[in-house]
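In structure tokens, one chain follows: the form predicted on its own.
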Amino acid sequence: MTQLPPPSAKKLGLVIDLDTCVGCHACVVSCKGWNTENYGAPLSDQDPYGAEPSGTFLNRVHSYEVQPEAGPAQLVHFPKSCLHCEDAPCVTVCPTGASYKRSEDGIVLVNEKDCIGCGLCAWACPYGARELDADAGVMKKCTLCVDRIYNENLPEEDCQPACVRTCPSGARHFGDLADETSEVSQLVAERGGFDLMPELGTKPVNKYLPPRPKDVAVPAQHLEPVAHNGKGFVAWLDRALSALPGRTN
């Protein structure tokens, strides 16, 4: 079985803002694209255009309807990938040592040359973050784009995970969560960032920022117009819509 290294001085991970994630799946697409082109082996798909397509993804987005104690129900988009846990059960259960945690930055990786595809790591992971690549016969997972973040040939702004670089709403943040002065640590402190299922004791490095309560929407008829006596196409459109039956100014 693989042994975990001592806690690392650097803890690289993600902070995901559930308040600003719009569920567009851009992070899923960019992750799939980058890792299919640059992973040890492409992330395969089975019957992609058939009746029952399946494939290997290192990042997924789930959507849930949540009812707060006060206020209207909210739709929360929940991105999920490997959380690079400090006490990673996927590592300690691996019979070949293929699954390991880096001592220099805390990133959890898989050495595919040693992986036998037994699936024990997927069974041990409480977050469902491991996937078996059916074509390659090995387990795959989020690497935090380790081939990007240390790549000196890339521009500085690209030396971050593909999902972070791509997110159009700025919901994903990357950095050192062991550094209290880092942007990600400050976000966690200011917004009450939390661990996913902390009761399991895995100590995930990745954190989530909770969604803010949503205000009750104000009916359109109670809103003040932004401008009076407008001109051009927008003014014409406003007059046309105002003339519709049931529309009040």
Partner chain sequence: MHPAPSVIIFTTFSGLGFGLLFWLGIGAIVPTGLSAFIWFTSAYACAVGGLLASTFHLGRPERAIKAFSQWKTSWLSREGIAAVLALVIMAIYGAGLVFTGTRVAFLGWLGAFGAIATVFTTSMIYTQLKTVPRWHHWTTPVLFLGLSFGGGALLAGQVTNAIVLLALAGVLQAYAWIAGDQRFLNSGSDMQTATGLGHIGKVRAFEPPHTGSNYLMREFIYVVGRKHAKRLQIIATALGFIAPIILFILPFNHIFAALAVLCHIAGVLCLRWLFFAQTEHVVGLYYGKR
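Residue numbers count along the first chain shown, from 1. The structure presented is a predicted model; accordingly, all values stated were derived computationally and were not measured.
What comes next is about the form predicted together with the partner chain, which does not appear here.
Colleague: Against the partner chain in the predicted bound form, would residue 150 count as a contact residue? Criterion: heavy atoms within 4.5 Å.
Modeller: Heavy-atom contact with the partner chain at 4.5 Å: absent for residue 150.
Colleague: Answer for residue 24 alone: is it within 4.5 Å of the partner chain in the predicted bound form, judged on heavy atom distances?
Modeller: Residue 24: no, not in contact with the partner chain in the predicted bound form.
Colleague: Answer with yes or no whether residue 3 is in contact with the partner chain in the predicted bound form, where contact means some heavy atom within 4.5 Å.
Modeller: It does: once the partner chain is placed as it appears in the predicted bound form, residue 3 has a heavy atom within 4.5 Å of it.
Colleague: I'd like to check something about residue 160: if you look in the predicted bound form, is any of its heavy atoms closer than or equal to 4.5 Å to a heavy atom of the partner chain?
Modeller: Residue 160: no contact with the partner chain in the predicted bound form.
Colleague: Does each of 142, 146 and 190 have at least one heavy atom within 4.5 Å of the partner chain in the predicted bound form?
Modeller: Spot residues vs the partner chain: no contact at all.
Colleague: Which of these stretches, 101-109, 175-183, 78-86, 160-168, has heavy atoms within 4.5 Å of the partner chain in the predicted bound form?
Modeller: Careful reading of the contacts points to 78-86.
Colleague: Can you name the residues of 106-132 that have a heavy atom within 4.5 Å of the partner chain in the predicted bound form?
Modeller: Those in contact are 112, 113, 114, 115, 116, 117, 118, 119, 120, 122, 123, 124, 125, 126, 127, 128, 130, 131, 132.
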